[in-house]
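Only one chain is given next, in structure tokens, and it is the form predicted alone.
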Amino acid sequence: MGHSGVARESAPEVRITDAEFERFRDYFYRKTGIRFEDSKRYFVDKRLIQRMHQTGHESFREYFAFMRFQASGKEFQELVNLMTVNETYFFREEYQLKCMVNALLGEVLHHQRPGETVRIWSVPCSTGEEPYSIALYLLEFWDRIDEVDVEIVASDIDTQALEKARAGVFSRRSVNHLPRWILEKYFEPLAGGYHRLCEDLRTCVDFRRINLCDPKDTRGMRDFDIIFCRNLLIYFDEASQRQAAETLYDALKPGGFVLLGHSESMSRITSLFKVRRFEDAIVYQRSI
């Protein structure tokens, strides 16, 4: 026992060099559009070393080669899941949900043919709070929900977040901003302060794994009326932001709308969209 303990203590500590960090940062950026600032160095190193230990690789060089050339891409996905931030809760930036029911949907229906489905995309959807908030808001606050078909697609690059989203179990913090009557109507209380969303709502959102910076993933994302893309572009540099903006533009129907996070502005990225100022929110529109 004592001997193996000594051996473990004398094992060399794994360090990521500046050049290795640079190499990983460039690779991750090319694959995801997300660029880590130098201030994130400790965060990135810690997670890389964690994965090196878990996959049995002693050096960064070995691990990096293993991760890059693995046919299944499973290890890169593990890294993506570890490196992405999933900070979200129900009815976050609620003024945009109000804008959707009070203004945007009316314009969408005005330009549609009768019987056409309204299509909404939530990206990145994280653990599901945003797309489920959209569904709840439509059910409770949109007076035409009974006469119009709505399809909600939700996507994220993080497969673990998507699993949690499909399960529909949320912490007390996640549901903290919901009115009590909505919580009681649509959620079942579980042990430990958790709440499970009712099955009807869990099945009404189509969750998909999509990397917004990968044209193969986004090729099928077309003909949306409204896209919620909040607090993603802040993680991108200018080139990735422009690419993402063009992807969102292509995904919209003419006249469709994009809603960004409160600290984000499409006008600083591209001139593709028309800025629309509604009573509840500023929204970006693809021209009709």
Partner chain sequence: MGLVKRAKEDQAAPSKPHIRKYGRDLQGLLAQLHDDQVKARRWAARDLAAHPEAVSALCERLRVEPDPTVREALFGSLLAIGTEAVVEGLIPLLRGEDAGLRNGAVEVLRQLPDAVGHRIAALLADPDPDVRIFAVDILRDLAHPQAPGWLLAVVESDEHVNVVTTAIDRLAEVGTPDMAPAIQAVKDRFPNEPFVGFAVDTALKRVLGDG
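Throughout, rigid core stands for the largest set of C-alpha atoms superposing within 1.5 Å between the two forms. These figures come from a predicted structure and were not determined experimentally. Residue numbers count along the first chain shown, from 1.
Keep in mind that the form predicted in complex with the partner chain is not shown, yet the notes after this line are about it.
K.L.:
Give a yes or no on whether every one of Leu139, Tyr249 and Leu272 sits within 4.5 angstroms of the partner chain in the predicted bound form by heavy atom.
P.N.:
Yes, the whole candidate spot contacts the partner chain.
K.L.:
Report the stretch among 139 to 147, 88 to 96, 102 to 110, 169 to 177 that approaches the partner chain in the predicted bound form to within 4.5 Å, counting heavy atoms only.
P.N.:
Stretch with heavy atoms near the partner: 139 to 147.
K.L.:
Phe69 versus the partner chain, in the predicted bound form: is there a non-hydrogen atom within 4.5 Å?
P.N.:
So Phe69 counts as contacting the partner chain.
K.L.:
Would you please decide whether Tyr235 lies within 4.5 angstroms of the partner chain in the predicted bound form, comparing each non-hydrogen atom pair?
P.N.:
Answer no; every heavy atom of Tyr235 is more than 4.5 Å from the partner chain in the predicted bound form.
K.L.:
Using heavy atoms and a 4.5 Å limit, would one call Ile152 a contact residue for the partner chain in the predicted bound form?
P.N.:
Ile152: yes, in contact with the partner chain in the predicted bound form.
K.L.:
Indicate whether Arg30 is a 4.5 Å heavy atom neighbour of the partner chain in the predicted bound form.
P.N.:
Because a heavy atom of Arg30 falls inside 4.5 Å of the partner chain in the predicted bound form, the answer is yes.
K.L.:
Name the residue from Lys46, Arg219, Lys40, His262 that puts a heavy atom within 4.5 Å of the partner chain in the predicted bound form.
P.N.:
By the 4.5 Å criterion, the partner-contacting residue is Arg219.
K.L.:
Which of Ala161, Leu197, Val205, Val80 has a heavy atom within 4.5 Å of the partner chain in the predicted bound form?
P.N.:
Looking at Ala161, Leu197, Val205, Val80 one by one, just Val205 meets the 4.5 Å heavy-atom criterion.
K.L.:
Can you name the residues of 220 to 243 that have a non-hydrogen atom within 4.5 angstroms of the partner chain in the predicted bound form?
P.N.:
Read in sequence order, the residues that approach the partner chain (within 4.5 Å, in the predicted bound form) are Gly220, Arg222, Asp223, Glu238, Ala239, Arg242, Gln243.
K.L.:
With a threshold of 2 Å on the C-alpha, tell me if Tyr29 counts as moved between this form and the one not shown once the core is superposed.
P.N.:
Yes.
K.L.:
If you line up the core, does Asp18 shift 2 angstroms or more at its C-alpha between this form and the one not shown?
P.N.:
Result for Asp18: yes, a 2 Å-plus shift.
K.L.:
Rigid core fitted, is the C-alpha displacement of Ala251 between this form and the one not shown 2 Å or more?
P.N.:
Shift at Ala251: below 2 Å after core fit.
K.L.:
Where do Arg35 and Val283 end up in the predicted bound form, Cα atoms closer or farther than shown, with a change of 3 Å or more?
P.N.:
Closer together, by at least 3 Å.
K.L.:
Considering a change of 3 Å or more, are the Cα atoms of Arg268 and Arg35 closer or farther in the predicted bound form than here?
P.N.:
Compared with this form, Arg268 and Arg35 lie closer in the predicted bound form.
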